[in-house]
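Only one chain is shown below, in structure tokens, and it's the form predicted alone.
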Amino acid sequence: MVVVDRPEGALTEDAVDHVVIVGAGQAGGDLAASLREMSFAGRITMIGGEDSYPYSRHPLSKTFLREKKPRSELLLRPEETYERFDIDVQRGVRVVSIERENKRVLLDDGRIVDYDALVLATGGSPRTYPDDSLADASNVFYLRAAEHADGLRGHLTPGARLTVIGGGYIGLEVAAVARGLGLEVTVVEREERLLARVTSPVTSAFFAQVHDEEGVVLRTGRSVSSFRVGPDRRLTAVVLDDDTTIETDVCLIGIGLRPDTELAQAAGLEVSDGVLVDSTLRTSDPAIFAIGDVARFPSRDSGETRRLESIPNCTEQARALARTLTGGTEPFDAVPWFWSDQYDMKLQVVGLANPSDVVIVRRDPDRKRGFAVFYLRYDEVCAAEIVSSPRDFAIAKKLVHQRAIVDPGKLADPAVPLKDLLSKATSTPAVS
């Protein structure tokens, strides 16, 4: 175990009586719950800008978008949980400033809340397209909150023409839902392949083929040159850089997430595409922490910092910080993982690959829409992408966690069960 020395002025368990969490999303909600699970007896206040208790966002581009369901089904925990465990949830209110010297935050309704430990779980906002003509277009959507999904759903009618700008997870998940609802769908991606930032070329090519088979028109390697917006403020067409015109009834823009760092930056904390934290998720102020999509933390592999946008990362950082706030000193060191549901397939990814990694493809000829990609670095399994096999993914996670050394030929051979490779793998000892 790596032990981290507490910096001068850092908190001890006895010094923390009131934890204030800014942000009532996945990370904030999981932190509040984890603190109570770890017997934290002090006060917990969670402050969220949306008029809702913490809810899950991953169904917004999948089941919640496809099927109109009550928002209560999105909740991470029933409303009564917060009262039962004495967690004060302030909904529909925002923190406008942090007074670090006095250890208090100012809310937009004029109230002041004191803290012993302040946690920034502010998440992020969709990156918007830099075109003023879209500012108030009634049929152009981003997808981050439940209200966004509700608005978009009303336009997903059979025969309508949907243009998706961005071929990442969100864009492709929405494209899959829309095709299932009978829409004509075009996906525009400026990179030469789909999922270019998050998967291998093999996995990208597979999902491009699947979307093509499902009737989605793919425009990769293309950028938008202009938008045509009518006098009624409705987008009517998207024009690409090769002069292709895509007639459009509704448009989704999914071009990434911008971390909400304004509050931290105004308070004088160190930020750089996220709030900078150390291995215990502490910011440059020893009484302030950051977790989830907004936190940029040290990588155990590269020594550099990274920011991850994933539900598992939010949950694992929340639990790690809860341990710190209840007296623990072990650093955050989780292996990242992600997933995406498209059509009848589930893509699951564990670890982070580098371009220089050796790529091993494992294909089962009996599974048309299922395969695995493994990445080897210095002969160790460092990452994997698994399509439609939760069992294989569970084993892949163990191989990556152990940094296992396996026979590449056997790893590529579907006749060799993955569980056999796990039992015979040589683990690389962790550096401590």
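A residue's number is simply how far along the shown sequence it sits, counting from 1. No experiment lies behind these values; they were computed from the predicted model shown.
Keep in mind that the form predicted together with a small molecule is not shown, yet the notes after this line are about it.
Novice: Which is the contacting stretch out of 160 to 168, 323 to 331, 183 to 191, 117 to 125, given heavy atoms within 4.5 Å of the small molecule in the predicted bound form?
Specialist: Stretch with heavy atoms near the partner: 117 to 125.
Novice: Please identify the residue among L143, I246, V113, V210 with any heavy atom within 4.5 Å of the small molecule in the predicted bound form.
Specialist: It is L143 that has a heavy atom within 4.5 Å of the partner.
Novice: If the cut-off is 4.5 angstroms on heavy atoms, which of these, P201, P312, P298, G268, is the one near the small molecule in the predicted bound form?
Specialist: For this set of options, the contacting one is P312.
Novice: Is there a heavy atom of V381 lying 4.5 Å or less from a heavy atom of the small molecule in the predicted bound form?
Specialist: V381 lies outside the contact set for the small molecule.
Novice: Even though the small molecule is not shown here, does L60 get within 4.5 Å of it in the predicted bound form, heavy atoms only?
Specialist: So L60 counts as contacting the small molecule.
Novice: Residue-level question: is A27 within 4.5 Å of the small molecule in the predicted bound form, judged on heavy atoms?
Specialist: Residue-level check for A27: yes, a contact with the small molecule.
Novice: Is there a non-hydrogen atom of I386 within 4.5 angstroms of a non-hydrogen atom of the small molecule in the predicted bound form?
Specialist: I386 lies outside the contact set for the small molecule.
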